[in-house]
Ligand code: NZQ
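Single chain ahead, by itself, as structure tokens, in the form predicted alone.
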């Protein structure tokens, strides 16, 4: 295992069907003013909103709300939330929802006490906060992003057609606590469930497909992927299966809570491609990743052949006897493709709203990173996106 690193993750997790009972304990640690952040209103229909409000009221908190956070939180929505949190003199930001709501809360957290424009400072210059940040807590209702236990935040600038994520370096930006009840995820439509499952899988892949040393992180990653494949197949036919949904929820957290990135350079180019598609089409994040993954991995496979061979054998159970390395690696990606189709994932970007007319915008919006097995050229980005159509 190469490299030097430090590891710290301060987020306290409460997991299980009774986990919301711990919210009142956490609320005691913060001041009176809580800003409740949530999405389009599904938590009001399924009763989660009432549960949370009841606990907030019993804890004597003054509650302001930021409602209507969209799946791809926009810069305009961020500006709105900053003003609400300032007016409320927030002591705690409580995100109730999926990864987008948690991401959004972190963006508000680093911006409330900052005089600089958050888009310029955090998403173009990738600077760290120089002002006091607000604590964030999460009650998770959808799994996929791992935002409940990391310092990442993704914001979309619709005017510029850019969707950019910033993983902040300071662990204080991670949620102070997160409440994970697998039953809350069972209210999601099938489309959102499988999109989240693929988001989890791809988070693991982005860290796994990098480096050439014998790294403990890769062994952990392989176990997480195998667990996710098994549980996803069960949940796909039985969405109310608690064991499967709880395993998926737990895997999502460990896929992106910084553990398996230790000692790894990481290759996040699939996310750059997918986020560019999302910025132009406003498509669901996990589906954009699914639509571009196989064309990208088939393109870079020759440059990381031994890892793709290992992936085929250790994750998908491919028999390598009497086969070339290329045959084994290709078979692994074919098994991955079968699984993706079984779940009902989007397999091309055209079904997500991408067209030949907006392809240039997607290419332009794709950030090119350097830590993968092959740094792409702009022409390669365009070629991969064309093969994703």
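Numbering follows the first chain given and starts at 1. Quick caveat, the model's predicted, so the values are computed rather than measured.
Although it is not shown, the form predicted in complex with the ligand is what the next lines describe.
The three marked residues, 217, 263 and 335, fail to reach the ligand in the predicted complex, with no heavy atom of any inside 4.5 Å.
Within 4.5 Å of any heavy atom of the ligand in the predicted complex lies no heavy atom of residue 348. Though the partner is left out of this view, residue 269 does not reach within 4.5 Å of the ligand in the predicted complex, counting heavy atoms only. The ligand in the predicted complex comes within 4.5 Å of no heavy atom belonging to residue 35. The closest heavy atom approach of residue 187 to the ligand in the predicted complex falls within 4.5 Å. Comparing 93 to 101, 290 to 298, 111 to 119, 127 to 135 against the ligand in the predicted complex, the single stretch with non-hydrogen atoms within 4.5 angstroms of it is 93 to 101. 46 is the sole member of 320, 46, 59, 330 with a non-hydrogen atom lying within 4.5 angstroms of the ligand in the predicted complex. The listed set 228, 142, 78, 312 contains one residue whose heavy atoms approach the ligand in the predicted complex to within 4.5 Å, identified as 142. Along 31 to 63, a non-hydrogen atom within 4.5 Å of the ligand in the predicted complex is carried by 39, 40, 41, 42, 46, in order along the sequence.
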